[in-house]
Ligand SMILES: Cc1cc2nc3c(=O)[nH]c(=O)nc-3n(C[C@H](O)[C@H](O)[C@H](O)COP(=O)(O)OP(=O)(O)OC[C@H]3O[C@@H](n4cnc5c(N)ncnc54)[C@H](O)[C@@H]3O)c2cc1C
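As structure tokens, one chain now follows by itself in the form predicted alone.
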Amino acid sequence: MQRSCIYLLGAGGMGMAPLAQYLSDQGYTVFGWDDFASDERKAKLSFIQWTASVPPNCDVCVYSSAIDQKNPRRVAAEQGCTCYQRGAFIAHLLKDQRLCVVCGSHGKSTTTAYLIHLFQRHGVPVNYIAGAEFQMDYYPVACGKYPGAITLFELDESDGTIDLFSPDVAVILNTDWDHPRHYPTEAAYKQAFASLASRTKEQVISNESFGLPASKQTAIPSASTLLELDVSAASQAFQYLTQQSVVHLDLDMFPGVRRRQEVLLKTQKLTVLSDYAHHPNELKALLQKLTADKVQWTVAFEPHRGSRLQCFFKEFVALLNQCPRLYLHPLYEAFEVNTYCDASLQAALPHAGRIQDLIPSDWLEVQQPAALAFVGAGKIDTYARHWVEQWMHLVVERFKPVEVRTHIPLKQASRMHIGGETLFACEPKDLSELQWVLHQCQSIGLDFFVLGHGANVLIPDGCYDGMVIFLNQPYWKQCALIDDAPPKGSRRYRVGAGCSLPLFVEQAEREGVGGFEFLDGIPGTLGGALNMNAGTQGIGILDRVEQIDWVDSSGQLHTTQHSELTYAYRSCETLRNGVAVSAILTGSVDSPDRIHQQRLLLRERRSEHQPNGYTLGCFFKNPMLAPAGQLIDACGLKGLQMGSICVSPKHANFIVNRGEGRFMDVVQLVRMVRSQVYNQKQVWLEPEVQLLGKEWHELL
């Protein structure tokens, strides 16, 4: 390990990829190969130089547990360099670090991820090698950038290399017997953790009994579920390692771990879940959660390793018999070959279907809320994601002749330049197509959201599992004077929901129609402005509306006169669950020069007081006490920052993205601002910015 080049065999898996990232951060040149890594996977792991054989300048090869002694690449590597099993290599690599390991039968990936998240949230430098990817790639899978910092490592006991570690701190979650191929008895399995505890230099954090002095072991606070135990263990370890407290906000911001109760799809009628449970106790905990949700659940289960299935066969059968709707995926052998066959499981569960009989078309239009859980640690997650893609293809077909696109990025669709993607998106050409889209969304159970210029919409990271509708076609951009006989001195426009407000105001000025100057500088479309009653100077756009044509969530067209509208400051109850199609707005005959001068004056005031950059304008509604910006400023919060997101030093009611800000950074900053203003002024500020797919009360 003296040279700067290291070769990893089996580099694409979740055991090896984090090690590759850590080594790259440490300054090593990392080469590697994996027979099963796709081109997409290789591209994602860009810190690995992919080559099928060990380069001449590498004298160290590290191989995963899945690479057996007869593997030809391993045999070839052993001819020219020193080879290490992954666990043995990491034990040597980290032996001089201040090391905290997380281990146990269940939950170590989630606990490690929570612990990493807490370090990141509190801004404490930490090195780590995780065992699972974060959802949305929120954090890297590993980090080795901080000399002298604590190192966190998810320690796997399956291959026996746990015996090579002597950490400073050990988090031992549980010792439920597992990996019977390596540990033939429960006693042998438990002894591996007991020995680790005895070698731990400072502190063991666990509820297991290891016979240690009271000063050397800290108990994990009690928890009613395995997930709650993971959270408690991570919090306890973080507090010990940093002497800093954990608050609920820290935990609320956790982005999630892939394949750990990960929601792959969630509509009004269907939820699809992926979970890593592959041990009877993990499966039991998952089934308890599914039952508690009181939704009609279907489980697709993949046995993992023949040795585990054989050892715990009765337990698996007893648990899976509790699933009235069950499908079985073939056994995932991992590196075990010609071991126990899963045909006996199918025979013991005659009510279970085969995974290929789980047909996406049967789930396209369910009558009542239903859910589907793909469960297992091998190939079933890939199967689940492919199943969802097949379901999506069927959905796209249902919307024809309207063209529906899938997996559309939305980051550039918001003026704050934050956001993930939408599962579906479309651009209806006219009213009939919009009605068809809304009708189909209701039938399938898809949420929908009409997105204009993104001037007042904050878009979460991740995926919006609904339909984003863009009114970009010419039909929606109409803006024309009505030629009937208006009241003396007034003029009326019919304006489409997709018409740009700046263009509308420009046209009104040219045609000598005043009364709309207050809209100058609002960068959205008419539809969005109507939905939130946008305005300035105490005037809202709905004050200028004579009539709105809109469609409800079923696609039915309505016409509502001004006297029938229900609206207030920054809200329109009439349009809460509908989509504006067009509106008639009333202005007054005026001089184009006077209108122009008024607009210039308003523009100068905005330029003087409002910031530029990636912002959604005023973030909070103005309460009765005083303008929101004035209250925030009085509390000394100008410039308050979370990551790349900050309260503008120029105008305190503007939140600005100064770089690569994330959605949860905005949420955290909003929470902090609201809390401080309430503590000092006894006023709860309410956001006027809309959320895509969420409600503010869910986050605040």
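Small disclaimer: the values here were computed from a predicted structure and weren't measured. Residue indices: 1-based, along the sequence shown.
Note that the form predicted together with the named molecule isn't included here; everything after this is about it.
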Every residue of L451, N531 and G578 near the named molecule in the model of the complex, heavy atom within 4.5 Å | yes
Pick from V299, A497, L115, A130: which has a non-hydrogen atom within 4.5 Å of the named molecule in the model of the complex?
-> A497
Contact with the named molecule in the model of the complex, heavy atom within 4.5 Å, among R570, H329, R260, H278 goes to R570
Taking heavy atoms and a 4.5 Å cut-off, does G104 contact the named molecule in the model of the complex?
-> no
Given that the partner is absent here, does R415 sit within 4.5 Å of the named molecule in the model of the complex, heavy atoms only?
-> yes
Find out whether any non-hydrogen atom of T615 is located within 4.5 angstroms of the named molecule in the model of the complex, and reply yes or no.
-> yes
Heavy atom to heavy atom, is H407 within 4.5 Å of the named molecule in the model of the complex?
-> no
If contact means any heavy atom within 4.5 Å, which of 586-594, 439-447, 85-93, 454-462 contacts the named molecule in the model of the complex?
-> 454-462
Neighbours of the named molecule in the model of the complex among 536-551 [non-hydrogen atom within 4.5 angstroms] = T536
